[in-house]
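Below you will find one chain, with nothing else, as structure tokens; this is the form predicted on its own, and questions on how it binds or moves follow later.
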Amino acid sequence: MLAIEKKRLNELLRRMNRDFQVYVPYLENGTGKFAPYQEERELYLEMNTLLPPKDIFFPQTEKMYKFRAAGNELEIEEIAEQKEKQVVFGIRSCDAFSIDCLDKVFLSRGYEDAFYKNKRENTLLVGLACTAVGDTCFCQSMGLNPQEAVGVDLQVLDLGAEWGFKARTAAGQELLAKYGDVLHETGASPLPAEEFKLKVEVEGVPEKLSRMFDHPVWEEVSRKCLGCALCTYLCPTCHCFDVSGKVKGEEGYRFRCWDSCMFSEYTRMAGGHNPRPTKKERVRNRFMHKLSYFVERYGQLLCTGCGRCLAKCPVNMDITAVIRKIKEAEVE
């Protein structure tokens, strides 16, 4: 296995940053997030970031096109962002799987989102194996391996004093060859991941939920939800968005921005009807989408077990507790 001493990692990233836009995990005002690499800043590699890297592919706010209207004349200009080649270094297994979920949404079933596709096709993913496991992490219960990320080009392993690199794709192999002069062969073994404290059994839940749309469990589960939508903004797989616009004089532009199915306005129609008028319907939809609807459409769960929603919900809404309630619920 090729490796680099941990104290020399910046040397590799500095070289990489000359050829790509490199994103790495940092702590900013106490919040872990991915940001463009800066040599003088200290990397945050101990635990996963609080903010997932989905905004690299699906920004919180993104201009779509601009226009100019004068009299009967209308000019529309697409904003086709041409992204430079980029590398996301240090993505964890839960977040790598979330990118796979977003690929299903934005790039499959006959629809391709040009904005997402442009960024995705120009990005190499470098996974970082977890050794420390957070109190709210449960990716293993969702079928993921915390040391082997899905869909990455390179997998980085913690070897103690070194970082080890394993190529997972041809692009990852090319990346290793490109910077091979700063790497060396090693026989060191990867450090194992800690035991997961949080576990949940999800087998059979998607099938059972298909018979629980009107179950009273949703009234109970939704009772303490504040509808603040923090869970959806921190979630690496949530992808609801709204389209709006700005106009000044004869010119303007349209943009999309993150939205949340936890807001009452999200499903309110022009005539005033709202198919999800109360918290019960909105909370039900959130969990049904994660654990049932997405499975029906794409064959995989929309929860990666990253644990961010558990860690930060102001009223301790816990998706693993909801899963247990579903498992225990009596259905006809």
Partner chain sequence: MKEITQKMRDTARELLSSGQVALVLGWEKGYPWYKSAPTFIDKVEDVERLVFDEFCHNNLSKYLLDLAAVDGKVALFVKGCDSRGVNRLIQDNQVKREQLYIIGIPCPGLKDPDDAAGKNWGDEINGAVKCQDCRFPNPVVYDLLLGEKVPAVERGRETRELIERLEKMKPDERYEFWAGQFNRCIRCYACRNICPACNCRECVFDRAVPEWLGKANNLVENQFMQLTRAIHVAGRCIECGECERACPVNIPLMALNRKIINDIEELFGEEPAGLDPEKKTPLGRFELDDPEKFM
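Fair warning: this is a prediction, and the values are worked out from it, not measured in the lab. Residue numbers count along the first chain shown, from 1.
Another form exists, predicted together with the partner chain; not displayed. Remarks below refer to it.
When contacts are defined as a non-hydrogen atom within 4.5 Å, none of Glu5, Ser141 and Lys166 contacts the partner chain in the predicted complex. For the chain shown alone, Ser264 is a contact residue for the partner chain in the predicted complex, at least one non-hydrogen atom being within 4.5 angstroms. Looking at Thr31, you'd find a heavy atom of it within 4.5 angstroms of the partner chain in the predicted complex. At the 4.5 Å threshold, heavy atoms of Lys279 reach the partner chain in the predicted complex. Within 4.5 Å of some heavy atom of the partner chain in the predicted complex lies at least one heavy atom of Gly227. Judged by heavy atoms within 4.5 Å of the partner chain in the predicted complex, the contact stretch among the candidates 84-92, 242-250, 141-149, 184-192 is 242-250. Interface residue among Leu50, Met288, Val295, Leu45, judged by heavy atoms within 4.5 Å of the partner chain in the predicted complex: Leu50. Note on contacts: among Arg223, Arg109, Lys178, Arg211, the single residue with a heavy atom within 4.5 Å of the partner chain in the predicted complex is Arg223. Applying a 4.5 Å heavy atom cutoff to the partner chain in the predicted complex picks out Phe255, Cys257, Asp259, Phe263, Ser264, Glu265, Arg268 from 250-274, in order along the sequence.
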